Each structure stands twice: as structure tokens, then as C-alpha cells.
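Okay, so here's just one chain, in C-alpha cells, the form predicted alone.
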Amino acid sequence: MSAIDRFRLDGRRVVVTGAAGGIGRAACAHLAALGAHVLAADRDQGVSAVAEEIRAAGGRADWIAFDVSDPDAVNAAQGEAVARFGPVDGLFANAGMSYEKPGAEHTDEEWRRVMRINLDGVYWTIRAFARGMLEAGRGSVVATASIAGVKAVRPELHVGYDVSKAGVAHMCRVLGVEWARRGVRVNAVGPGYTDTVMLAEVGIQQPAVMARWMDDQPIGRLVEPAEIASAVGFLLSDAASGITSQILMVDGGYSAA
């Protein structure tokens, strides 16, 4: 295998959750360009558009709809994926949600909702799709953590989101060590402030917040979804064969500043 070929994902089946969002959509396109057969997943059938875009560009993609916050739905989706497409070789557990609210004003329902999607949902997804990889003795898992999972961000307030993403990062460390000798690598990416629709709305509605973010960003700009997608592709590939239990920050230096 050549040095370039180690970055390729030819013939591999990779599931991407949260595929309809900015980071997920970019990851699907990038992984397909690397040769993967992408299974784009999100909570409703709107994710079919992601698969259609990839096929129109000459890549291989299909889609599946399920809710990561429902463990029964996750398990059913895993079974359907294997039945329809064959064994899964890689997973990008990317589905998640955010919101803003002061910590002392959290309701129990709001706390449980963010944990159920961002933390429980990531675990249930990894647990379901990694079983086949462990049986095969090979595979790679990447999950989406965040800069908010490694440092106290500002000026936004979303303690539930922050704690859930810290949990994802540590989950990947623990599972990566547990599964290392079984041939399955587990890592996380830590996106910084990323140029998505959600952040664009912040720039329009709260320009002072966006200005603060730009002041705190060493690179002086938002991270592009394609830059995160590149990190995901690397971690899923054989080029990262010696890397497990790590969080790769893609944040323009924010977490180091």
C-alpha cells in the first residue's frame, strides 16, 4: 500500500450520523470522495438529499433515518444497515444538539434531552455499530466532541452541552483502550467554532458574540466543515492506524490559546 493509498477508504462502508447538518454533510461528501460507500443517517428522510448529492457527484451513498436518542431505533437501524449494505467498517457518530441557557436555570427535562442525544445517543450508536467491527477484528470509530468539552468557552452558556461533549471525548478514550487489541480504533474530533448555518444565525442575531469569538480565534476565522471532514477521513483511514483513544482538535488553535 502506497503512502497515498493509506488515506483512501475504497470499498469501506461508513455510517455517518447527523448527516444532514453542516459537519455531517461535509463528512459524507469527503468520505465518499475517498472511496467509501457512505450510509448517511439522520432522524428524518430529509437526509436522502445528502445521498443524492453524493451519487450525483459520482460517489457511492445511501441513507437511513433513525433517532439516536432511541436505543431500540439505533439497534434496529444497525440491523437494517447490515442487511442492506453488508458489514460496517467505519462510523462517524456525529449527531448532536445544542442550546443556550444559564446553568442555574436548566430544567431537568432540558438537561436530560441534551444528555440523551449528545451522550447517550453517541454511546448507543457506537455500541450498536461497533459490535460487527469487534466480531470482524477491524474497524474505526470517530465521534464528535467539541472545544466546549475541553475548556470553558465564552460568552455562550450551555453547561449541559459542554458536559455531554466532555463525556464523548472520555468515552472515546476509554473504548479506544478497551478495544485496541480487538482491532477497533476509537477517536474523537473536537470542532471549534465552525461555519455552519447555526453559527451564521448567531452572527446575524448576536454580532457582539461573533466578534468575541473572532477575537478569541488564533486563526481569526471560523473553521470550515470541510476541515473537520478531512480530520474525520484521516482518523477513519489506515493512515491513522497507530492512533486510538485521542481527541483531534480542529479549532484553529482555540483550545491552546
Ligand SMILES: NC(=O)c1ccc[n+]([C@@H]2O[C@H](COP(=O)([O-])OP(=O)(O)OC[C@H]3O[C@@H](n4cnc5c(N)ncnc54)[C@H](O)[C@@H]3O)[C@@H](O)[C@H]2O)c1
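Note that the structure is predicted; figures quoted are calculated from it, not measured. Note that residue numbering follows the sequence shown and begins at 1.
From this point on, the text means the form predicted in complex with this ligand, which you will not see here.
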**Q.** 4.5 Å heavy atom contact with this ligand in the predicted complex for all of 43, 94 and 161
**A.** yes
Q) Since the chain is shown here on its own, which stretch among 170-178, 94-102, 81-89, 128-136 would lie within 4.5 Å of this ligand in the predicted complex, judged by heavy atoms? A) 94-102
Q: Could you tell me which one of 219, 197, 57, 208 places a heavy atom within 4.5 Å of this ligand in the predicted complex?
A: 197
Q) Out of 20, 247, 9, 240, which one falls within 4.5 Å of this ligand in the predicted complex, going by heavy atoms? A) 20
Q.
Within 4.5 Å, heavy atoms only: does residue 141 come near this ligand in the predicted complex?
A. no
**Q.** Interface membership of residue 153, this ligand in the predicted complex, 4.5 Å heavy atom rule
**A.** no
Q: Report whether the minimum heavy atom distance between residue 63 and this ligand in the predicted complex is within 4.5 Å.
A: no
Q) Does residue 145 make contact with this ligand in the predicted complex, using a 4.5 Å heavy atom cut-off? A) yes
Q: Residue by residue through 58-84, tell me which have a non-hydrogen atom within 4.5 angstroms of this ligand in the predicted complex.
A: 66, 67, 68, 69
